[in-house]
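First, one chain by itself: the form predicted alone, in structure tokens.
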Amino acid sequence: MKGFVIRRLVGLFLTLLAASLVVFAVLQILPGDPATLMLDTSARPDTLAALRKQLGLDQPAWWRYLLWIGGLLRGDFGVSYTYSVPVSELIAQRVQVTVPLAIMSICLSTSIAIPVGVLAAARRGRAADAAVMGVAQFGVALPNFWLGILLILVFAVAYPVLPAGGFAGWEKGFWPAFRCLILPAFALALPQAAILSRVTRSAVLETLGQDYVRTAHAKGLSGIAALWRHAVPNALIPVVTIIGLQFSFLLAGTVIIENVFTLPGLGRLVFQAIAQRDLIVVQDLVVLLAGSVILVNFLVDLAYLGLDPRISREGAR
């Protein structure tokens, strides 16, 4: 097990390093100059040169990359060109929205998808299976931003029981802030639940055909007991894989939903930083989001060890 974890940690570090190189290189070749955007095109050349020197843009690209990576390793994310405040402060403010939203969405998605997927597998070929899979197919094709607009029209305009957008802030209390995240969480969770329910159904159907399930039936175990005691636990590895991928997507892919609901999260900050050509904010956020995706995948790999100890033994061999 120790060797398995060490190999995964080394792979995590190398992947994150490669991601930082790609992000930095791509942002360097984009057209536009942060100093020009900040001062406008009518600024004097000497003023532009002074600002570029202040921002460190007059240094070679390789040296700026080393300075940036060194700062990240020390916990120094630099200072935003646009807001003139440390990027770490911006991230600390916005992560209070994005992380709770992602956690709410994945909890909703999982709590809906796993029971629905198991039900469809247990009723394979029947009306319940056809209905569940039909709804799931519709959910897979449903864009989350369109669903978000529809939820606003129904639950904030026609029946105003929830806010249409904005964020009250956790300092105003748990419930006012939580209410602001309910509609965005459902808009993110329902399409993901449709995907996860189909994966759960396929995984459970595969395990239902295994010998140990037939043996459980032969020993007198009821169909429901054999399903939940033997089939479902052994079908969890592909389900956990998809949950990990979905959580990574929810962390890194909230740009559209946060703009639909005007939430001050990381996704909206990325959008604003790109529009304002705030390179240091874009670099830090993209690497942070890439690191969160890599970390979630690492945690999923560790979860495999608990779900199937054979993985650790195979890795040791």
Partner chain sequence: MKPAWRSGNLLIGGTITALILAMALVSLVWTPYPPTKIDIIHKLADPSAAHWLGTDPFGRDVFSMIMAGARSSLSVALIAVLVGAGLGVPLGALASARGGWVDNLVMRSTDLAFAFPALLTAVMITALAGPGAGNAMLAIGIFNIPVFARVTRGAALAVRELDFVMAARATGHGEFAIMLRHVLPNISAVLLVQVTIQFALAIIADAGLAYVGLGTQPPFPSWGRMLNDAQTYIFKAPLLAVFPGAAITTAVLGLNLLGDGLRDLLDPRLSRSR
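All values derive from a computational prediction rather than experimental measurement. Numbering follows the first chain given and starts at 1.
A second form of this protein, the form predicted together with the partner chain, is not displayed here; the remarks below concern that form.
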Is there a heavy atom of residue 26 no more than 4.5 Å from a heavy atom of the partner chain in the model of the complex?
yes
Check your understanding: Does at least one non-hydrogen atom of residue 137 fall within 4.5 angstroms of the partner chain in the model of the complex?
Key -> yes
Does at least one non-hydrogen atom of residue 290 fall within 4.5 angstroms of the partner chain in the model of the complex? yes
With the partner left out here, check for me: in the model of the complex, does some heavy atom of residue 141 sit within 4.5 Å of the partner chain? yes
For the partner chain in the model of the complex, the stretch among 181-189, 223-231, 79-87, 122-130 with residues bearing a heavy atom within 4.5 Å is 122-130
Residue within 4.5 Å of the partner chain in the model of the complex by heavy atom, from 212, 146, 170, 159, is 146
Those residues of 94-109 with a non-hydrogen atom no more than 4.5 Å from the partner chain in the model of the complex are none
